[in-house]
Ligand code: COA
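Next up: a single chain in structure tokens, the form predicted on its own.
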Amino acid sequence: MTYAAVYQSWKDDPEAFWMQAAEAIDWTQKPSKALFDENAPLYQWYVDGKVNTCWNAVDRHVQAGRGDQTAIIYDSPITHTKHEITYAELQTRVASLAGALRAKGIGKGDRVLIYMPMVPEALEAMLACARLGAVHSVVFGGFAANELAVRIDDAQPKCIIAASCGLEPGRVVHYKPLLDGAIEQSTHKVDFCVVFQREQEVAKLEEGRDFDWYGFQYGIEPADCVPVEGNHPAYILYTSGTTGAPKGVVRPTGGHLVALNWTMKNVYNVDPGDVFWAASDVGWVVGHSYICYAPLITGNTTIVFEGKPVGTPDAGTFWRVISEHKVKSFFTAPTAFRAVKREDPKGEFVKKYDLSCLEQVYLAGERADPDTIEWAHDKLGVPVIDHWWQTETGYAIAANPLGIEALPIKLGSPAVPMPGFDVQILDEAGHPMAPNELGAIAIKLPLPPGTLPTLWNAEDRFKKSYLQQFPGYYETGDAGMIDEDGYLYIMARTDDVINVAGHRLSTGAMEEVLAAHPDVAECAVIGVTDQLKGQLPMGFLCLNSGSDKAHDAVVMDVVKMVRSKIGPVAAFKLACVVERLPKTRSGKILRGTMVKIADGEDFKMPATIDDPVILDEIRTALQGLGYAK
């Protein structure tokens, strides 16, 4: 079938489409229908079905005779460690951990907070919770104590599973003192903690509260899978702690299983037994969906990678892992490729490895500028697919579905909406806009299975954040357009559309122009306040390593390029070269924080920031342009 036929089949009969997709999942009790809309605009899926995620991700593959297949490959260039875990071994390990948690009183509906680095035990902890019907909330390892405390108070976990430390190139991140500080600060008190001691740092355990990962499991009866309702929360994942209280995105069990399973073949073009690698972290939604759950549900081999795109040890790490472990589909963030491209613009490292196993590459997490996609495609010789989704949706809203049909690639577009997503471009009054016109990207309700039904203990906030602006739609918070062929373009967050003398302009479109300069490795454009024009665009440029062109000359070049490509209307005259850009640990550029610094406003230090020192460097650069007073 073609993409158009598949999408139309969903549109014609969504109920039949999602009931058919649900057939690929093992249900203890099959649901009577897919959509439950009695409480619209709060929709739910597969509510009266009974199912267990861990069974579908682990046990059923063992039962089907595939226990000897590798489930997880752990590859840590930081510790120089590699090992493999089969599905049968994973079943034993997860059932044992779940049994130990159950013996300490963890059961269906209890929350468990997980605070771990990129080690297989993080996945085992997630799966052990799923086995019991407990609701996990993974917090990115190394998050500050106060941010961890906020999440403890919101989720109110009975237990925290943590590691003694995380590892970054050249340093140990001490998790246990952060955990102790968070427990001290939080109003809610956990019953107990389980600590996975790493040899790089053995943490001091609090008598009576903290238990050693292995000792805690000794002599315990393994646990069986507990069936839960289709709408039972699989997990809570906190997003966007940069402004006020973080939002706890809830993921419902049944829809999560159905939707993720559907994407592995249709979007990522992998079959059971294939090796799939998402180079992300379990602390982010990509890690939940595409390191832990989706590959295992489908029966793939997934890779847990503890390293960086550059510096562990060099810009060839990605290619080594792909070559060594025979990766068929690779998923990473554009920012990771930009880091590799900056270190190795000619792609010398690519030539050192046999990448014949690699069939496709996927980028998500931030807009993939055409320059980065072209570079990757040129060096790797496989389709490089930009696709777009959010923590809230849990999987792709728009993609090029290679497993159905390889559509023509249009640079700058994550291609077309996936079944389940009726994507529309609306003006401020909520009216649909013509093709190629910039507006707010909204999705007609109901959202498909597996997407957020609400926020944890915050239904009013859910409605206000997502449903209020455009009744009958989910507001994505992104701005963009759809062309005459139905291809979607994500141009910016809604608040990154700037108004220059009455003209609505996309900072993303300007970034595309800057990124096309041969010396520019990475860039960001923000809108700063201007007395005369309302807002003016300002560009920040990071140059390729080895670039010897004068900074002023690069700035003059890009000013001319924006004038020629977008026009004088953009009024683009302000730009500077910086060593690096402020980012979250997942690679998103903190444009909103940069705007506040430029405009001299107070801001809260983002909890997810990779390195706070960069903000001082940005402030200095802005002062050089006459801002950040």
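Between two forms, the rigid core is the largest collection of C-alphas that superpose within 1.5 Å. Note that residue numbering follows the sequence shown and begins at 1. From a predicted model like this one, the values you see are computed outputs, not experimental measurements.
Beyond what is shown, the protein has a form predicted together with this ligand; the following relates to that form.
> Of the residues 267, 182, 100, 279, which one places a heavy atom within 4.5 Å of this ligand in the model of the complex?
It is 279.
> Please pick, from 333, 327, 112, 234, the one residue with any non-hydrogen atom lying within 4.5 angstroms of this ligand in the model of the complex.
It is 333.
> Within 4.5 Å, heavy atoms only, one stretch in 167 to 175, 123 to 131, 511 to 519, 442 to 450 touches this ligand in the model of the complex. Which?
So the stretch in question is 167 to 175.
> Given that this ligand is not shown alongside this chain, does residue 573 nevertheless sit within 4.5 Å of it in the model of the complex, heavy atom to heavy atom?
Within the cut-off, so yes.
> How about residue 93: is it within 4.5 Å of this ligand in the model of the complex, going by heavy atoms?
Contact check for residue 93: no, nothing within 4.5 Å of this ligand in the model of the complex.
> Flag residue 596 as yes or no: does it have a non-hydrogen atom within 4.5 angstroms of any non-hydrogen atom of this ligand in the model of the complex?
No, no contact at 4.5 Å.
> Counting only non-hydrogen atoms and a 4.5 angstroms cut-off, does residue 286 reach this ligand in the model of the complex?
Flag for residue 286 set to yes.
> Verify the flagged residues 309, 339 and 569 against this ligand in the model of the complex: is each one within 4.5 Å by a non-hydrogen atom?
Yes, because 309, 339 and 569 each have a heavy atom that approaches this ligand to within 4.5 Å in the model of the complex.
> What residues of 108 to 144, in sequence order, lie within 4.5 Å of this ligand in the model of the complex by heavy atom?
The stretch 108 to 144, when checked against this ligand in the model of the complex, contributes 140, 141, 142 at the 4.5 Å heavy-atom cut-off.
> Superposing on the rigid core, is the Cα displacement of residue 530 between this form and the one not shown 2 Å or more?
Superposed on the core, residue 530 moves its C-alpha 2 Å or more between this form and the one not shown.
> When the two forms are laid on each other by their rigid core, does residue 35 show a Cα shift of 2 Å or more between this form and the one not shown?
After core superposition, the C-alpha of residue 35 moves less than 2 Å between this form and the one not shown.
> Spell out whether the Cα of residue 64 moves at least 2 Å between this form and the one not shown when the two forms are superposed on their rigid core.
After core superposition, the displacement of the residue 64 C-alpha between this form and the one not shown stays below 2 Å, so no.
> So the Cα-Cα distance between residue 537 and residue 363 shifts by 3 Å or more in the model of the complex; is it shorter or longer than what we see here?
Compared with this form, residue 537 and residue 363 lie closer in the model of the complex.
> With a C-alpha distance change of 3 Å or more, do residue 367 and residue 535 lie closer or farther in the model of the complex?
Note: Cα gap between residue 367 and residue 535 shrinks in the model of the complex.
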